[in-house]
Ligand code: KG4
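First, one chain by itself in structure tokens, the form predicted alone.
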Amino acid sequence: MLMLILGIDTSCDDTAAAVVEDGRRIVSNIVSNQNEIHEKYGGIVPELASRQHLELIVPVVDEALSRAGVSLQDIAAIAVTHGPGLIGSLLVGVCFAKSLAAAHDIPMVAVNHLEGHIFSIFLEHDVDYPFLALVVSGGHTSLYRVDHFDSYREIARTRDDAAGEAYDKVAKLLQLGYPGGPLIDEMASRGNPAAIRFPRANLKDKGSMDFSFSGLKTAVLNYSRKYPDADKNDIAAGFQAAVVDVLTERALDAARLHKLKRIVLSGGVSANKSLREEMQRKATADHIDFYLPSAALCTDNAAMIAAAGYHHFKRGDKADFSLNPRAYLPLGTYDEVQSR
């Protein structure tokens, strides 16, 4: 019997709802972003994001059900993101999911947002376990060894800024606008990545594969102040080359160290054209199978939450009405990988 899961995600500034069949087939996937609201501030304002979620959550969920041609009576379970993310935004989604579950007597499951990003790949591809997952977004930059569902080992993380956060901050200091990722990606395509070589943080000499982008951001700031007439396209290209180099190098190093022959790329920054191309090129050269979701499934969405929620529900991981959102919610275990 087919199982329909209603997914709800309000972890940051996107209000999202989706209906997914058996954890694999997207029946509907609705995302309402708030870019116009936050653009003038150059970044997300948490209070404004929460208020917008309150206005949008009902119509977005209604549209997801309508597009799928189903009612709540057809839904086997509600999967909701309960962390990590902005606490006010998460609260809207969790409270709404609990209300729906109580009013319609529907089981509810709690999903880690990072787990959702990893499971977005299964909505379009068959990937055998184990594999290496690089989750790179505005709030997260981590490498996970995924042995099977609910078996995650975090082997590297950012020490400071996430890659997507660095993109937004560099875009703001260059006065490009928001969100910064697509804007810098476009400008970089018109610039020369070899014109300006920005530093790449290397923590391997300290026995770590962790990421760090704070120094890179500062280097861009100092360069733009020292050379105010420099070509912004070249600055964008040099910055992006540094980010892409670090992400691809760490991912391939981790895959070699753990003898993994499959890499999955996910998260909002995985929509970046340069990153996708460079990861594909280097993975192919290393005879590693490389998987990435389509652009629509890279950014925050509820289909990925429903996909992960399906497996939790099948295993009997039901959440009760004491469920609370958590701004900080690690996924799996964390072991700092030693260089070899």
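Everything numeric here is computed off the predicted structure, so don't read it as measured data. Note that residue numbering begins at 1 and tracks the sequence as displayed.
Although it is not shown, the form predicted together with this ligand is what the next lines describe.
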*Looking at the partner-bound form in the model of the complex, is Y144 within 4.5 Å of this ligand by any heavy atom?*
no
*Is the gap between T248 and this ligand in the model of the complex 4.5 Å or less for some heavy atom pair?*
no
_At 4.5 Å between heavy atoms, is N112 in contact with this ligand in the model of the complex?_
no
*Do P182 and this ligand come within 4.5 Å of each other in the model of the complex, heavy atoms counted?*
yes
*For the chain shown here without its partner, which stretch in 266 to 274, 191 to 199, 124 to 132, 219 to 227 has non-hydrogen atoms within 4.5 angstroms of this ligand in the model of the complex?*
266 to 274
*From first to last in sequence, which residues of 296 to 327 have any non-hydrogen atom within 4.5 angstroms of this ligand in the model of the complex?*
C298, T299, D300
